[in-house]
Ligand code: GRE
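Given as structure tokens, the chain that follows is alone and in the form predicted alone.
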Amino acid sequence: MKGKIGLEEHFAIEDTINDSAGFFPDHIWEELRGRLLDLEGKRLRLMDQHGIETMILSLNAPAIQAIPDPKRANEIARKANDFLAGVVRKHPDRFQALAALPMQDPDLGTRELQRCVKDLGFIGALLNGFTQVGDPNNIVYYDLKQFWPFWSEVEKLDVPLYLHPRNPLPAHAKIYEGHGWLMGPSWAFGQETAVHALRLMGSGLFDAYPKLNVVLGHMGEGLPFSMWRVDNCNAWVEGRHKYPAKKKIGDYFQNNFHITTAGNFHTPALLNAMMVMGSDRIMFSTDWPFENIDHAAVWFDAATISEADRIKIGRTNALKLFKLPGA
């Protein structure tokens, strides 16, 4: 399929590049480093070869979210966003941008979002999971009340927010001790992000701001498969679930969330997601440079879905959600 749009596609600047160094063996680092820093060479050639018209770019992880000092986090976020804006200006037909935000201070995060959307032309934001604030061991999740004014501005600006994974801190990762292979994208990324997303759904956030659109990668971090059980476990027990939200968790998942195929190129998982969410809320992505563009594109172009759904998932859903030309 030609004209695909990928929206979990990453880059790095020199200030954040080393955040990605620990995710692969040392002998792979040179290749990954080159992929992250390259925006106009191999990346564009692979896009052309595999029918990807546009990449919506975002900063690597955890980057800004792992800088405990608010001032420094704001400085690096602005630097990365200014750099990315320059890339998009140079290639507006091939790249769009998601903002990196200093959520150490919700006001700073809100102001940077406003600047990126209103002044730089960004089409949304991406947050790399929880944010460390002050003490590196002090973390915050975005369902907390101090972030609700930020969410109000996200709704007002009418842009999507991509909730991207990061690993739990070592102090919170005892279950993985002795099994480091479970960290990162094989398991810990998805578990951490799924819980964060469920916290948002159960907090009442989407009752207060019903027009919010949150995007999850990796075929929804396992949530499409688990959503029925989240709402219906121990159904014979009256009042089993008690949370501030007014509706079933699955209602928010189906109405306020979108998912991408980033890093999960598996047709049964795609079909499960389509049965749970419908094809209008799923979008193609590769997760470049951590996954291969050819692996994503060759799989998707041959996946056993209808051509109408392939066009929606591969292109038109992203055009509509991000209000891109041609929507």
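So that there is no doubt, residue numbering starts at 1 and follows the sequence shown. Please read all numbers here as calculations on a predicted model, not as lab measurements.
As for the form predicted together with 2,6-dihydroxybenzoic acid (GRE), it is not shown, yet the points below apply to it.
Of the candidate stretches 64-72, 38-46, 271-279, 285-293, only 285-293 has residues whose heavy atoms lie within 4.5 Å of 2,6-dihydroxybenzoic acid (GRE) in the predicted complex. The closest heavy atom approach of Phe122 to 2,6-dihydroxybenzoic acid (GRE) in the predicted complex falls outside 4.5 Å.
Within 4.5 Å of any heavy atom of 2,6-dihydroxybenzoic acid (GRE) in the predicted complex lies no heavy atom of Arg315.
When contacts are judged by a 4.5 Å heavy atom cut-off, Pro185 counts as touching 2,6-dihydroxybenzoic acid (GRE) in the predicted complex.
Contact annotation: Trp151 falls outside 4.5 Å of 2,6-dihydroxybenzoic acid (GRE) in the predicted complex, judged by heavy atom distances. Between 2,6-dihydroxybenzoic acid (GRE) and the residues Phe189, Phe95, Phe253, Phe206, the one pair within 4.5 Å by heavy atoms in the predicted complex involves Phe189. Along 256-284, a non-hydrogen atom within 4.5 Å of 2,6-dihydroxybenzoic acid (GRE) in the predicted complex is carried by no residue at all.
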